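Next up: a single chain in C-alpha coordinates, the form predicted on its own.
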(Lines give C-alpha, C1' and ligand atoms only; values in the text may rest on other atoms or scores of the structure.)
Protein backbone atom coordinates (compact mmCIF):
# COMPACT_ATOMS: atom_id res chain seq x y z
CA UNK A 1 0.00 0.00 0.00
CA UNK A 2 1.33 3.44 -0.92
CA UNK A 3 2.33 5.65 1.98
CA UNK A 4 0.34 8.85 2.13
CA UNK A 5 2.43 11.98 2.27
CA UNK A 6 1.69 15.57 3.27
CA UNK A 7 3.23 18.42 1.31
CA UNK A 8 4.77 21.17 3.42
CA UNK A 9 4.28 24.46 1.59
CA UNK A 10 6.38 27.48 2.51
CA UNK A 11 4.38 30.58 3.49
CA UNK A 12 7.16 32.62 1.90
CA UNK A 13 7.33 31.04 -1.55
CA UNK A 14 4.10 29.01 -1.78
CA UNK A 15 6.30 26.15 -2.97
CA UNK A 16 6.54 22.62 -1.62
CA UNK A 17 9.70 22.47 0.49
CA UNK A 18 9.33 18.92 1.78
CA UNK A 19 7.01 16.12 2.74
CA UNK A 20 6.13 14.19 5.88
CA UNK A 21 4.20 10.98 6.34
CA UNK A 22 0.49 11.08 7.01
CA UNK A 23 0.72 8.27 9.50
CA UNK A 24 -2.13 5.88 10.10
CA UNK A 25 -3.49 5.00 13.51
CA UNK A 26 -1.80 1.62 13.17
CA UNK A 27 1.59 3.24 12.59
CA UNK A 28 1.09 5.66 15.47
CA UNK A 29 0.02 2.83 17.75
CA UNK A 30 3.18 0.88 16.96
CA UNK A 31 5.34 3.92 17.81
CA UNK A 32 3.58 4.44 21.14
CA UNK A 33 3.94 0.76 21.97
CA UNK A 34 7.68 0.97 21.23
CA UNK A 35 7.97 3.99 23.52
CA UNK A 36 6.23 2.05 26.29
CA UNK A 37 8.52 -0.93 25.82
CA UNK A 38 11.59 1.34 25.85
CA UNK A 39 10.63 3.08 29.06
CA UNK A 40 11.91 0.59 31.72
CA UNK A 41 15.46 0.53 30.37
CA UNK A 42 15.56 4.30 29.87
CA UNK A 43 14.18 4.90 33.37
CA UNK A 44 16.82 2.62 34.90
CA UNK A 45 19.68 4.17 32.93
CA UNK A 46 21.99 6.24 35.13
CA UNK A 47 20.78 9.83 35.12
CA UNK A 48 24.34 10.97 34.37
CA UNK A 49 24.16 9.05 31.08
CA UNK A 50 20.84 10.63 30.14
CA UNK A 51 22.36 14.02 30.92
CA UNK A 52 25.35 13.27 28.72
CA UNK A 53 23.06 12.58 25.78
CA UNK A 54 21.28 15.90 26.27
CA UNK A 55 24.53 17.84 26.51
CA UNK A 56 25.53 16.20 23.23
CA UNK A 57 22.23 17.26 21.67
CA UNK A 58 22.78 20.86 22.70
CA UNK A 59 26.24 20.86 21.13
CA UNK A 60 24.95 19.33 17.89
CA UNK A 61 22.13 21.85 17.76
CA UNK A 62 24.60 24.71 17.94
CA UNK A 63 26.76 23.14 15.24
CA UNK A 64 23.77 22.93 12.90
CA UNK A 65 22.12 26.20 13.88
CA UNK A 66 22.40 27.73 10.42
CA UNK A 67 21.02 24.67 8.69
CA UNK A 68 18.06 24.37 11.02
CA UNK A 69 17.41 28.13 10.96
CA UNK A 70 17.08 27.95 7.18
CA UNK A 71 14.45 25.22 7.52
CA UNK A 72 12.56 27.17 10.17
CA UNK A 73 12.60 30.28 7.98
CA UNK A 74 11.20 28.51 4.95
CA UNK A 75 8.69 26.38 6.85
CA UNK A 76 7.10 28.89 9.23
CA UNK A 77 8.14 32.22 7.70
CA UNK A 78 10.34 33.45 10.53
CA UNK A 79 13.15 35.81 9.53
CA UNK A 80 16.57 34.16 9.47
CA UNK A 81 17.98 36.08 12.43
CA UNK A 82 15.03 35.21 14.67
CA UNK A 83 15.09 31.59 13.52
CA UNK A 84 18.77 31.25 14.41
CA UNK A 85 18.18 32.94 17.76
CA UNK A 86 15.48 30.37 18.50
CA UNK A 87 17.86 27.51 17.77
CA UNK A 88 20.66 28.92 19.91
CA UNK A 89 18.26 29.72 22.73
CA UNK A 90 17.07 26.12 22.60
CA UNK A 91 20.60 24.76 22.94
CA UNK A 92 21.03 26.90 26.06
CA UNK A 93 17.68 25.70 27.38
CA UNK A 94 18.66 22.04 26.97
CA UNK A 95 21.89 22.57 28.91
CA UNK A 96 20.08 24.46 31.66
CA UNK A 97 17.53 21.65 31.85
CA UNK A 98 20.31 19.19 32.57
CA UNK A 99 21.84 21.49 35.16
CA UNK A 100 18.51 21.88 36.94
CA UNK A 101 17.90 18.12 36.86
CA UNK A 102 21.20 17.59 38.69
CA UNK A 103 19.65 19.28 41.68
CA UNK A 104 16.69 16.93 41.91
CA UNK A 105 17.07 15.48 45.37
CA UNK A 106 14.74 13.50 47.55
CA UNK A 107 13.81 14.32 51.12
CA UNK A 108 13.53 12.53 54.42
CA UNK A 109 10.53 13.62 56.48
CA UNK A 110 10.39 12.58 60.13
CA UNK A 111 6.94 11.53 61.31
CA UNK A 112 7.58 12.87 64.79
CA UNK A 113 7.00 16.43 63.52
CA UNK A 114 3.27 15.66 63.48
CA UNK A 115 1.34 15.27 66.76
CA UNK A 116 1.29 11.63 67.73
CA UNK A 117 3.98 10.74 65.20
CA UNK A 118 6.72 8.27 65.95
CA UNK A 119 10.43 9.02 66.22
CA UNK A 120 11.02 5.73 64.46
CA UNK A 121 9.06 6.52 61.29
CA UNK A 122 10.38 8.44 58.27
CA UNK A 123 9.08 9.10 54.76
CA UNK A 124 11.79 9.02 52.11
CA UNK A 125 10.68 10.82 48.95
CA UNK A 126 12.07 11.08 45.45
CA UNK A 127 10.72 12.07 42.05
CA UNK A 128 10.01 9.38 39.45
CA UNK A 129 9.19 9.65 35.74
CA UNK A 130 5.59 9.24 34.62
CA UNK A 131 6.13 7.00 31.60
CA UNK A 132 5.34 7.95 28.01
CA UNK A 133 5.01 11.69 27.42
CA UNK A 134 3.06 12.93 24.43
CA UNK A 135 4.62 16.25 23.36
CA UNK A 136 2.57 18.33 20.92
CA UNK A 137 4.21 21.53 19.67
CA UNK A 138 2.88 24.51 17.64
CA UNK A 139 4.08 25.98 14.35
CA UNK A 140 5.36 29.32 15.62
CA UNK A 141 8.31 28.09 17.70
CA UNK A 142 8.88 24.66 16.16
CA UNK A 143 12.26 24.17 17.83
CA UNK A 144 12.07 25.87 21.22
CA UNK A 145 8.54 24.83 22.16
CA UNK A 146 9.32 21.27 21.11
CA UNK A 147 12.59 20.99 23.03
CA UNK A 148 11.04 22.62 26.11
CA UNK A 149 8.81 19.54 26.29
CA UNK A 150 11.26 16.91 25.12
CA UNK A 151 14.34 17.78 27.20
CA UNK A 152 12.69 17.86 30.68
CA UNK A 153 10.85 14.64 29.88
CA UNK A 154 13.92 12.74 28.71
CA UNK A 155 16.33 13.89 31.41
CA UNK A 156 13.98 12.65 34.14
CA UNK A 157 13.55 9.20 32.59
CA UNK A 158 10.40 9.49 30.51
CA UNK A 159 10.15 8.36 26.92
CA UNK A 160 8.64 10.81 24.42
CA UNK A 161 6.25 10.56 21.50
CA UNK A 162 6.60 13.89 19.70
CA UNK A 163 3.85 15.30 17.47
CA UNK A 164 4.95 18.54 15.81
CA UNK A 165 2.43 20.82 14.12
CA UNK A 166 2.04 19.75 10.51
CA UNK A 167 3.45 23.13 9.44
CA UNK A 168 6.55 22.72 11.55
CA UNK A 169 7.10 19.01 10.98
CA UNK A 170 10.29 19.51 8.98
CA UNK A 171 11.84 21.59 11.74
CA UNK A 172 10.54 19.24 14.42
CA UNK A 173 11.85 16.15 12.68
CA UNK A 174 15.27 17.79 12.29
CA UNK A 175 15.31 18.54 16.02
CA UNK A 176 14.32 14.99 16.93
CA UNK A 177 17.07 13.59 14.71
CA UNK A 178 19.59 15.76 16.56
CA UNK A 179 18.54 14.14 19.84
CA UNK A 180 18.79 10.68 18.30
CA UNK A 181 22.20 11.37 16.82
CA UNK A 182 23.31 12.60 20.25
CA UNK A 183 22.75 9.09 21.59
CA UNK A 184 19.09 8.86 22.62
CA UNK A 185 18.17 5.21 21.96
CA UNK A 186 15.64 4.24 19.34
CA UNK A 187 12.15 4.15 20.79
CA UNK A 188 12.94 6.57 23.63
CA UNK A 189 12.12 9.51 21.36
CA UNK A 190 9.96 9.10 18.28
CA UNK A 191 8.18 11.48 15.93
CA UNK A 192 4.65 11.03 14.68
CA UNK A 193 3.36 13.13 11.80
CA UNK A 194 -0.05 13.53 10.27
CA UNK A 195 -3.20 15.56 10.46
CA UNK A 196 -4.48 16.17 13.96
CA UNK A 197 -8.00 15.69 12.67
CA UNK A 198 -7.11 12.10 11.74
CA UNK A 199 -4.81 10.87 14.50
CA UNK A 200 -5.23 13.54 17.22
CA UNK A 201 -7.98 11.95 19.29
CA UNK A 202 -6.48 8.50 18.86
CA UNK A 203 -3.10 9.48 20.27
CA UNK A 204 -4.28 11.55 23.25
CA UNK A 205 -6.56 8.77 24.52
CA UNK A 206 -4.15 5.92 23.82
CA UNK A 207 -3.87 3.67 26.86
CA UNK A 208 -0.06 3.86 26.88
CA UNK A 209 0.18 7.67 27.00
CA UNK A 210 0.89 8.78 30.56
CA UNK A 211 1.16 12.57 30.16
CA UNK A 212 0.08 15.13 27.56
CA UNK A 213 2.11 18.31 27.08
CA UNK A 214 0.41 20.56 24.52
CA UNK A 215 0.98 24.04 23.14
CA UNK A 216 -1.55 25.36 20.66
CA UNK A 217 -4.95 26.92 20.28
CA UNK A 218 -7.47 27.11 23.08
CA UNK A 219 -10.05 25.33 20.94
CA UNK A 220 -7.82 22.30 20.42
CA UNK A 221 -6.58 22.39 24.01
CA UNK A 222 -10.10 22.32 25.40
CA UNK A 223 -10.93 19.41 23.12
CA UNK A 224 -7.90 17.46 24.34
CA UNK A 225 -8.79 18.17 27.96
CA UNK A 226 -12.23 16.71 27.38
CA UNK A 227 -10.80 13.59 25.74
CA UNK A 228 -8.06 12.50 28.12
CA UNK A 229 -8.74 10.10 30.92
CA UNK A 230 -7.19 10.43 34.38
CA UNK A 231 -3.68 11.41 33.30
CA UNK A 232 -1.93 14.71 34.01
CA UNK A 233 -1.83 17.40 31.32
CA UNK A 234 0.18 20.57 30.81
CA UNK A 235 -1.14 23.13 28.35
CA UNK A 236 -0.15 26.50 26.99
CA UNK A 237 -3.06 27.90 24.98
CA UNK A 238 -4.21 31.21 23.51
CA UNK A 239 -4.02 34.70 24.90
CA UNK A 240 -5.35 38.22 24.56
CA UNK A 241 -2.55 39.96 26.41
CA UNK A 242 -3.30 43.53 27.38
CA UNK A 243 -0.90 46.43 27.88
CA UNK A 244 -2.35 48.69 30.58
CA UNK A 245 -0.93 52.22 30.33
CA UNK A 246 -1.54 54.57 33.25
CA UNK A 247 -1.36 58.37 33.25
CA UNK A 248 2.12 58.54 34.83
CA UNK A 249 3.74 56.02 32.46
CA UNK A 250 6.93 56.70 30.53
CA UNK A 251 5.16 56.90 27.17
CA UNK A 252 8.31 56.55 25.08
CA UNK A 253 9.19 53.35 26.92
CA UNK A 254 5.62 52.09 26.71
CA UNK A 255 5.28 52.75 22.97
CA UNK A 256 8.60 51.04 22.23
CA UNK A 257 7.75 47.88 24.18
CA UNK A 258 4.14 47.75 23.01
CA UNK A 259 5.07 47.81 19.34
CA UNK A 260 7.86 45.25 19.82
CA UNK A 261 5.50 43.04 21.78
CA UNK A 262 2.63 43.37 19.34
CA UNK A 263 4.34 43.02 15.97
CA UNK A 264 7.39 40.78 16.39
CA UNK A 265 6.99 37.79 14.05
CA UNK A 266 3.79 39.45 12.83
CA UNK A 267 2.13 38.91 16.21
CA UNK A 268 2.08 35.14 15.70
CA UNK A 269 2.86 34.51 19.35
CA UNK A 270 0.60 33.57 22.23
CA UNK A 271 2.35 36.22 24.33
CA UNK A 272 2.03 39.02 21.78
CA UNK A 273 0.45 42.23 23.08
CA UNK A 274 -2.98 42.03 21.50
CA UNK A 275 -4.65 45.16 22.87
CA UNK A 276 -3.75 48.41 24.59
CA UNK A 277 -5.86 49.75 27.46
CA UNK A 278 -4.78 53.36 27.97
CA UNK A 279 -6.28 56.00 30.24
CA UNK A 280 -7.79 58.99 28.40
CA UNK A 281 -5.36 61.59 29.77
CA UNK A 282 -2.40 60.17 27.83
CA UNK A 283 -4.15 58.27 25.04
CA UNK A 284 -3.52 60.79 22.26
CA UNK A 285 0.17 61.12 23.10
CA UNK A 286 0.67 57.36 23.41
CA UNK A 287 -1.11 56.57 20.15
CA UNK A 288 1.02 59.10 18.29
CA UNK A 289 4.20 57.50 19.61
CA UNK A 290 2.96 53.99 18.81
CA UNK A 291 2.03 55.02 15.27
CA UNK A 292 5.55 56.35 14.64
CA UNK A 293 7.09 53.06 15.77
CA UNK A 294 4.65 51.04 13.67
CA UNK A 295 5.55 53.04 10.58
CA UNK A 296 9.22 52.20 11.22
CA UNK A 297 8.68 48.43 11.35
CA UNK A 298 10.59 46.36 8.83
CA UNK A 299 8.13 44.51 6.61
CA UNK A 300 9.07 41.93 4.03
CA UNK A 301 9.69 38.37 2.94
CA UNK A 302 12.57 36.66 4.77
CA UNK A 303 13.31 34.65 1.65
CA UNK A 304 14.30 37.90 -0.08
CA UNK A 305 16.53 39.47 2.57
CA UNK A 306 19.19 38.57 5.11
CA UNK A 307 18.23 41.46 7.40
CA UNK A 308 15.99 41.18 10.44
CA UNK A 309 12.29 41.70 9.77
CA UNK A 310 9.45 42.48 12.15
CA UNK A 311 6.43 41.72 9.97
CA UNK A 312 6.50 38.74 7.64
CA UNK A 313 3.86 36.77 5.73
CA UNK A 314 1.45 34.92 7.99
CA UNK A 315 1.56 31.15 8.16
CA UNK A 316 -1.17 30.80 5.51
CA UNK A 317 -3.95 32.71 3.77
CA UNK A 318 -6.57 31.37 6.17
CA UNK A 319 -4.77 33.17 8.99
CA UNK A 320 -4.67 36.37 6.92
CA UNK A 321 -8.39 36.02 6.15
CA UNK A 322 -9.16 35.96 9.86
CA UNK A 323 -7.06 39.02 10.63
CA UNK A 324 -8.71 40.88 7.75
CA UNK A 325 -12.16 40.00 9.12
CA UNK A 326 -11.27 41.57 12.48
CA UNK A 327 -10.00 44.74 10.81
CA UNK A 328 -13.10 45.09 8.64
CA UNK A 329 -15.41 44.52 11.60
CA UNK A 330 -13.66 47.24 13.62
CA UNK A 331 -13.73 49.69 10.73
CA UNK A 332 -17.42 49.10 10.06
CA UNK A 333 -18.20 49.74 13.73
CA UNK A 334 -16.41 53.09 13.80
CA UNK A 335 -12.79 52.42 14.74
CA UNK A 336 -9.99 54.47 13.16
CA UNK A 337 -7.41 52.59 11.10
CA UNK A 338 -4.33 54.74 11.69
CA UNK A 339 -1.96 52.69 9.55
CA UNK A 340 -1.99 49.41 7.69
CA UNK A 341 -5.26 47.61 7.25
CA UNK A 342 -4.37 46.08 3.90
CA UNK A 343 -3.16 42.68 2.77
CA UNK A 344 -1.83 40.88 -0.24
CA UNK A 345 -2.05 37.12 -0.09
CA UNK A 346 -0.89 36.10 3.38
CA UNK A 347 1.02 39.35 3.95
CA UNK A 348 -0.92 41.71 6.22
CA UNK A 349 0.52 45.17 6.71
CA UNK A 350 1.12 46.17 10.37
CA UNK A 351 -2.19 47.68 11.47
CA UNK A 352 -2.88 50.11 14.31
CA UNK A 353 -6.54 50.62 15.21
CA UNK A 354 -7.60 53.45 17.52
CA UNK A 355 -10.91 54.11 19.30
CA UNK A 356 -11.71 50.41 19.51
CA UNK A 357 -14.79 49.69 21.60
CA UNK A 358 -15.90 46.58 23.43
CA UNK A 359 -18.51 45.68 20.82
CA UNK A 360 -15.77 45.03 18.26
CA UNK A 361 -14.41 41.53 17.72
CA UNK A 362 -10.80 42.70 17.75
CA UNK A 363 -11.24 43.78 21.38
CA UNK A 364 -11.73 40.15 22.43
CA UNK A 365 -10.58 37.70 19.77
CA UNK A 366 -6.97 36.63 19.36
CA UNK A 367 -5.83 37.72 15.89
CA UNK A 368 -2.45 35.94 15.77
CA UNK A 369 -1.46 38.59 13.27
CA UNK A 370 0.02 42.10 12.99
CA UNK A 371 -2.91 44.11 14.30
CA UNK A 372 -3.01 46.22 17.47
CA UNK A 373 -6.28 47.64 18.85
CA UNK A 374 -6.28 50.59 21.26
CA UNK A 375 -9.10 50.90 23.77
CA UNK A 376 -9.34 54.17 25.69
CA UNK A 377 -10.50 53.92 29.29
CA UNK A 378 -11.48 56.37 31.98
CA UNK A 379 -9.45 54.87 34.80
CA UNK A 380 -7.12 52.17 36.01
CA UNK A 381 -10.14 50.34 37.41
CA UNK A 382 -11.87 50.28 34.03
CA UNK A 383 -8.71 48.96 32.37
CA UNK A 384 -8.52 46.12 34.91
CA UNK A 385 -12.21 45.33 34.44
CA UNK A 386 -11.95 45.09 30.65
CA UNK A 387 -8.75 43.07 30.84
CA UNK A 388 -10.37 40.57 33.23
CA UNK A 389 -13.52 40.19 31.13
CA UNK A 390 -11.49 38.26 28.57
CA UNK A 391 -11.82 34.48 28.43
CA UNK A 392 -8.02 34.40 28.31
CA UNK A 393 -5.53 34.90 31.12
CA UNK A 394 -2.01 34.42 29.84
CA UNK A 395 -0.05 37.64 30.45
CA UNK A 396 -0.50 41.38 30.74
CA UNK A 397 1.76 44.42 30.95
CA UNK A 398 1.36 47.50 33.09
CA UNK A 399 3.22 50.72 32.39
CA UNK A 400 3.53 53.17 35.29
CA UNK A 401 6.21 54.89 37.38
CA UNK A 402 4.24 54.23 40.56
CA UNK A 403 5.41 50.96 42.10
CA UNK A 404 2.38 50.73 44.36
CA UNK A 405 0.00 51.07 41.41
CA UNK A 406 2.03 48.57 39.41
CA UNK A 407 1.66 45.92 42.07
CA UNK A 408 -2.00 46.76 42.62
CA UNK A 409 -2.72 46.22 38.93
CA UNK A 410 -0.59 43.07 38.92
CA UNK A 411 -2.49 41.71 41.90
CA UNK A 412 -5.91 42.36 40.37
CA UNK A 413 -5.26 41.12 36.83
CA UNK A 414 -6.47 37.56 36.24
CA UNK A 415 -3.46 36.30 34.31
CA UNK A 416 -0.54 33.97 34.83
CA UNK A 417 2.16 36.64 34.54
CA UNK A 418 2.25 40.44 34.74
CA UNK A 419 5.14 42.34 33.18
CA UNK A 420 5.88 45.71 34.77
CA UNK A 421 7.17 48.29 32.26
CA UNK A 422 7.96 45.67 29.63
CA UNK A 423 6.27 43.82 26.81
CA UNK A 424 4.58 40.50 27.42
CA UNK A 425 6.92 37.66 26.52
CA UNK A 426 7.89 34.10 27.23
CA UNK A 427 11.27 33.62 28.80
CA UNK A 428 13.91 33.40 29.83
CA UNK A 429 13.09 29.71 29.78
CA UNK A 430 13.90 29.17 33.47
CA UNK A 431 11.12 31.53 34.61
CA UNK A 432 7.63 30.19 35.35
CA UNK A 433 5.28 30.44 32.39
CA UNK A 434 1.58 29.80 32.83
CA UNK A 435 -1.91 30.84 31.90
CA UNK A 436 -5.23 30.83 33.73
CA UNK A 437 -8.80 30.54 32.46
CA UNK A 438 -8.71 29.56 28.76
CA UNK A 439 -4.98 30.21 28.45
CA UNK A 440 -3.67 27.03 29.95
CA UNK A 441 -3.32 24.39 32.64
CA UNK A 442 -0.23 23.95 34.78
CA UNK A 443 3.10 25.74 34.94
CA UNK A 444 5.95 25.58 32.44
CA UNK A 445 9.53 26.78 32.72
CA UNK A 446 12.39 24.34 33.13
CA UNK A 447 12.05 23.46 36.82
CA UNK A 448 8.27 23.51 36.67
CA UNK A 449 8.18 21.30 33.58
CA UNK A 450 10.48 18.81 35.26
CA UNK A 451 8.17 18.70 38.26
CA UNK A 452 5.10 18.33 36.03
CA UNK A 453 6.57 15.33 34.21
CA UNK A 454 7.59 13.51 37.38
CA UNK A 455 5.70 12.38 40.44
CA UNK A 456 6.58 12.12 44.10
CA UNK A 457 7.27 8.58 45.31
CA UNK A 458 7.16 8.10 49.06
CA UNK A 459 8.70 5.14 50.87
CA UNK A 460 7.99 4.96 54.59
CA UNK A 461 10.75 3.57 56.77
CA UNK A 462 9.66 2.05 60.09
CA UNK A 463 12.54 1.53 62.48
CA UNK A 464 12.32 -0.95 65.31
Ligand code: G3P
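Residue numbers count along the first chain shown, from 1. For clarity, every value in this text was computed on a predicted model and none was experimentally measured.
Keep in mind the form predicted in complex with SN-glycerol-3-phosphate (G3P) is missing from the figure; the text below concerns it.
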Given that the partner is absent here, state which listed stretch (27-35, 59-67, 43-51, 422-430) has heavy atoms within 4.5 Å of SN-glycerol-3-phosphate (G3P) in the model of the complex.
422-430
Every residue of 89, 140 and 271 near SN-glycerol-3-phosphate (G3P) in the model of the complex, heavy atom within 4.5 Å:
yes
Residue-level question: is residue 154 within 4.5 Å of SN-glycerol-3-phosphate (G3P) in the model of the complex, judged on heavy atoms?
no
So, in the model of the complex, is residue 145 in contact with SN-glycerol-3-phosphate (G3P) at a 4.5 angstroms heavy atom limit?
yes
